[in-house]
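Next up: a single chain in structure tokens, the form predicted alone.
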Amino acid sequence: MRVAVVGAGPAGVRAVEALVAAGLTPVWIDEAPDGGGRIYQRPPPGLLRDPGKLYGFEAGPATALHAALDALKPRTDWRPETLVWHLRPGAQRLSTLHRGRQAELAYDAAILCTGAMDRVIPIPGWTWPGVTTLGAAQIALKTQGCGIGRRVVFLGTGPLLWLVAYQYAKAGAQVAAVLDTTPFATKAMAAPGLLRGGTTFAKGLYYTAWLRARGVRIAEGITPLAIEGTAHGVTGVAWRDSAGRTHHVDCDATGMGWGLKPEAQLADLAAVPFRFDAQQHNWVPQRDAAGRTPVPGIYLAGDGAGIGGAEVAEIAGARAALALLEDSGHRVDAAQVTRLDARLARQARFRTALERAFPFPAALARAMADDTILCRCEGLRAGELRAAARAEAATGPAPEVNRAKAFTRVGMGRCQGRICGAAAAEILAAELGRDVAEVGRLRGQPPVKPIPIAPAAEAA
């Protein structure tokens, strides 16, 4: 039986671990030069950094995952620096690209552990040089030991906002401000549920307290007005506080993000149905608690199936592998299955509280000014999408987001809507007076990321 595991982050490592323990030799694919995922991303060879400084409180889990990763590589068909750019469920084949060379990989079953990416709300000035997502700011720090600027503002909401700000300040960068769009009262109301997170919640409190104790400027419940800059880069950030007062802080870089969204394009190409998760305010591929999808032979685990974090990803990776083994006739440890299911259920309750504490600010996206660049790949402004929506609604059925894509090119660029898709759906829904779930989602298309034309033609 040939099993492919796509992704070598927390979910992928634990999935492979379970498969190898059962006597299988999976094909293990990751786009990065090495495993660990974004959360436990390793520096490149030659850049040696102490795990305690690199990962902070997560040094223990990170080093344990890396040790498992290294022990498993020789027992698998390990393929780093390999992009899976297409998946054909009927033919049960993966199209891959490794250092410019195209290959086709047949599989009997696949576990997709594709991870997540930052969820962005475009604001005026977000395309200036020096603006990155929170995840990109963190990757720069982990992989190269450098920051995105000398004086940085972090803007958005969610646990990652506070973690990255803490990591930058701890590393010696000047954090000019942490600007959270979620009011403190919203977080306080979710506190009873957050207590279920134990050490995870405690670490979040520590990051916030540490930043405050060192005099970092913190504002909560803010409305961002603009990232200011020139062709040479960012110069500052303007925002309005909850009392309506306008503020400004000088900086030379800005990291921004409003939570995470699944990287689920491969699940989409595999014909897995999607549903709108109102709690996470994300479209997620359908699966059961064990990671099985309605598509035979396709299993999902980790943040690519729904945002849960590194600990949940490890549990879900092991659980999806056990589901695959059970479905293929292998005997599995029933007690282990029960333990994993119980841990996943506990984590789900904590996740509910976390989503309540840091809700996606849909109103901010819906109120985007008409002249704000919405889709940076195509240079499309928010007002152009609104105008197209009105024109379409006046002449026929109210459009969904893929029809809007056909008329405006929103989401048709290099990122395929990964960046602008969430905000575009909110704008479209607001303009049509509909719920965001009704306007749909931008569907995945191959290649899931840009590739040279020659390999694509070769695979056609």
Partner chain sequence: MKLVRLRDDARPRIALTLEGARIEAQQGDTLLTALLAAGAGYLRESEFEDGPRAGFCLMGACQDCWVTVVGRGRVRACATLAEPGMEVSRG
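Just so we're clear, the structure is a prediction, and the values are computed from it rather than from any experiment. Residue numbers count along the first chain shown, from 1.
The form predicted in complex with its partner chain exists for this protein as well; it is not shown, and the discussion that follows is about that form.
- Note on contacts: among Leu94, Ala173, Val295, Leu322, the single residue with a heavy atom within 4.5 Å of its partner chain in the predicted bound form is Ala173.
- Out of the listed residues Arg217, Arg88, Arg376, Arg75, Arg376 is the one that sits within 4.5 Å of its partner chain in the predicted bound form by at least one heavy atom.
- Stretch 379 to 387 is the contacting one of 364 to 372, 350 to 358, 379 to 387, 153 to 161, since its residues have non-hydrogen atoms within 4.5 Å of its partner chain in the predicted bound form.
- When contacts are defined as a non-hydrogen atom within 4.5 Å, all of Val131, Arg414 and Pro450 contact its partner chain in the predicted bound form.
- Proximity of Gly147 to its partner chain in the predicted bound form falls within the 4.5 Å heavy atom cutoff.
- Its partner chain is not shown here, and in the predicted bound form it never comes within 4.5 Å of any heavy atom of Val401.
- At the 4.5 Å threshold, heavy atoms of Glu392 stay clear of its partner chain in the predicted bound form, well away from it.
- Contact annotation: Ala140 falls within 4.5 Å of its partner chain in the predicted bound form, judged by heavy atom distances.
- Residues are counted as partner-facing when one of their heavy atoms sits within 4.5 Å of its partner chain in the predicted bound form; in 109 to 132 these are Ala116, Met117, Val120, Trp126, Thr127, Pro129, Gly130, Val131, Thr132, in sequence order.
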